[in-house]
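The chain below stands alone and is given as structure tokens, in the form predicted alone.
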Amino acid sequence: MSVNEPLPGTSDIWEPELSDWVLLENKAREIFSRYAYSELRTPIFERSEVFVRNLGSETDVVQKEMYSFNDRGGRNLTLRPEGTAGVMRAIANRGLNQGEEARVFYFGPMFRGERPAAGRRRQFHQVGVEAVGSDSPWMDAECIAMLTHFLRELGVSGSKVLINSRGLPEDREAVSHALKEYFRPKLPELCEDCQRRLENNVWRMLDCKNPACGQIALGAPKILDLLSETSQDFFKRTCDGLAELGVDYEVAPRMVRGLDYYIHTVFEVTHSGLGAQDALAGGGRYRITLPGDKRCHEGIGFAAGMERLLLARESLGLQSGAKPETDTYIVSLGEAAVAAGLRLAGELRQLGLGGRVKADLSARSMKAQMRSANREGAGIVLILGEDEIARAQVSCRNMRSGEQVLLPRVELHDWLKKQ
């Protein structure tokens, strides 16, 4: 591996691919703002306890995947593996009064030390939302509807919404007992992770990616059947809200999501264009307490992997094609013309004419500069030589049509507007 290559699980992002990333961000800003969400940016590292306390000490993220380190002050810090805990820390720091809501969305890199795969990297990027301060099931329905709205605007058709409930914390003992009773006799047939999870995190046995474990999990008790009447009613009202908003969904009775802070609604959106690991986005309702804050904060949110969104768009033929590096290329013939070319480029940029404008400052031959203009896909070439400068003229060539005209300098702006 070359020393200049990015580390495994990371990548450099160049144009034209970068234009697809910008599209995702701009669409998110456009759609989420319609639902009264505001953008928030948090640090990429936090005190480790922010994640351990809220994601759960027995989750795979905390046990296997977090990038943690000690700083010079002896504090244990972690590069954020997900967005919710840091967002909640920021909201708690700012303060949230009784009855007040905070609705935010975010973008940014996340970090997990896991094996790289298609759409799964060690540095990956998420777009996510959090609505904190409401305990209404209608908010859950609206949040899921907003996600499907966002995907439609991106052109990601053919996705599927899966939902389930984790109930309330007081439901967990009964659910855990029933799951342990089911899985314990089958322990020798399960993978090492599931054997460990039986006592530490039995819920995660329901969504193990090992095919043999997944087959066994199909016969496990359905969580919904084990929940209290209160939890079942919350789930029913969430489903009613989705029906009111015209969102098609499917109940996935064994979906639990991987983080311990979830209560009530959990959901995922899948897409066939991603292959076997088909999760495009996911989220749910949660309760979180933060270090130094005894209050319990409740909210609903989701996150979508931006790399996965791009893969889904690519599977539908929606990725950006190659774009020219330059729209207007200024050829300056001779040292005396270089300054004039530089001035002209600055003028066009200030006026917003000519798109992406590049002045060749090399004073090379006409042939060499035209070769560069062709290589960069320039649509317009403006040529300045000693004669053009002396007569206040400019030679203008439309590279697509092949037409070339010699114009008075004062007519250049109008000509560019017509191209």
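So that there is no doubt, residue numbering starts at 1 and follows the sequence shown. Fair warning: this is a prediction, and the values are worked out from it, not measured in the lab.
Missing here is the form predicted in complex with ligand AMP; even so, the following discussion is about that form.
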Exercise. 166-174, 71-79, 231-239, 275-283: which one contacts ligand AMP in the model of the complex at 4.5 Å, heavy atom to heavy atom?
Worked result: 275-283
Exercise. Using heavy atoms and a 4.5 Å limit, would one call D248 a contact residue for ligand AMP in the model of the complex?
Worked result: no
For this session: Give a yes/no on whether Y182 approaches ligand AMP to within 4.5 Å in the model of the complex, heavy atoms considered.
Result: no
For this session: Would you please decide whether Q126 lies within 4.5 angstroms of ligand AMP in the model of the complex, comparing each non-hydrogen atom pair?
Result: yes
Exercise. A217 near ligand AMP in the model of the complex, any heavy atom under 4.5 Å?
Worked result: no
Exercise. Which one, R121, R103, R287, H149, lies within 4.5 Å of ligand AMP in the model of the complex by heavy atoms?
Worked result: R121
Exercise. Ligand AMP isn't shown here, but in the model of the complex which of L333, A304, C143, L206 has a heavy atom within 4.5 Å of it?
Worked result: A304
